[in-house]
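The data below hold one chain only, encoded as structure tokens and taken in the form predicted alone.
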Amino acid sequence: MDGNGTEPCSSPVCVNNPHLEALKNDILYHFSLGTSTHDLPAMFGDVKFVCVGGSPWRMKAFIEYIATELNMNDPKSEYPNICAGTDRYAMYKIGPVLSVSHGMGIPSIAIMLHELIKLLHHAHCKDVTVIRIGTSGGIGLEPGTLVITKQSVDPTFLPRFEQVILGKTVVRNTDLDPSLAKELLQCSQELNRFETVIGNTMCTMDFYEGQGRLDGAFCSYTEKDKLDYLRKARDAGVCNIEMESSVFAAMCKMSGLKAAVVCVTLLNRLKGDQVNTSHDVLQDYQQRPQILVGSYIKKKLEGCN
């Protein structure tokens, strides 16, 4: 057994579930795909990079962007949603790049990741890199700064993801690939277009009270309480706050996938709680993770040629 309580994995993408072998058709329900209804190796066997993010619109925009970057852009292509049979998630593909939405919060991304990991496993994919691109609230950083996650920490600043399984609490590791983080930082330095740092990311179960905001429907603490907490987080190495990184890191680590989280900060939480930046500026901020990850993918693929 490894540190996560699972058997060591010898396959390219590990699923750690012996029960799957008994299934005649593994239905990836929330993708509207299945092993007996779709030729998953033919559809996805060449995937080397998977980028995931909350918004379906943003993930379609990313696949359009990366298609142009890789000179695979077809003016006539509308990049159809592979998961059009469901309204839960959206999925787009161009060449070796897969772009998938995951919704908001730990439960939503966890469901998506279970089916994504199984999809990659059934498609016999090898050497896959998975990167979450998204938005976050910064702590002591200027809005627009990119944070490459070193570790995902919980609201007590510990690097762990807790899940209750069969009534028992299971704790899993949330480390992310350090070499991938350094490569992404190097790419950002070469681009020299926006500030980028490596630091810890705090993952919460909530956008309001769970992140110490003062503007939710309920609030039982003072502004001083909030600022004291956020400063403690900053002293613990936390650079930003979002709601998906812990389970993302844990599940990618369990499946043997090289993984990273790249989030742009939309505001400095030490100076406020509400995002009141103009639409155009927000659009620019949200494109920054796409630009960095696109540059990384292009660089890696060019290095293979």
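Since we're looking at a predicted model, the values are computed, not measured. Heads up: residue numbers just count along the shown sequence, starting at 1.
Beyond what is shown, the protein has a form predicted together with a further copy of the same chain; the following relates to that form.
- Every member of the trio 27, 88 and 219 reaches a further copy of the same chain in the predicted complex with some non-hydrogen atom inside 4.5 Å.
- Looking at residue 281, you'd find every heavy atom of it more than 4.5 angstroms from a further copy of the same chain in the predicted complex.
- a further copy of the same chain is not shown here, but in the predicted complex it comes within 4.5 Å of a heavy atom of residue 156.
- a further copy of the same chain is not shown here, but in the predicted complex it comes within 4.5 Å of a heavy atom of residue 274.
- Contact check for residue 208: a non-hydrogen atom falls within 4.5 Å of a further copy of the same chain in the predicted complex.
- Between the options 95, 140, 105, 144, the residue in contact with a further copy of the same chain in the predicted complex by a heavy atom within 4.5 angstroms is 105.
- Proximity to a further copy of the same chain in the predicted complex, defined as a heavy atom within 4.5 Å, holds among 66, 238, 251, 40 only for 251.
- Residues placing heavy atoms within 4.5 Å of a further copy of the same chain in the predicted complex fall in a single listed stretch, namely 163 to 171, out of 123 to 131, 144 to 152, 163 to 171, 184 to 192.
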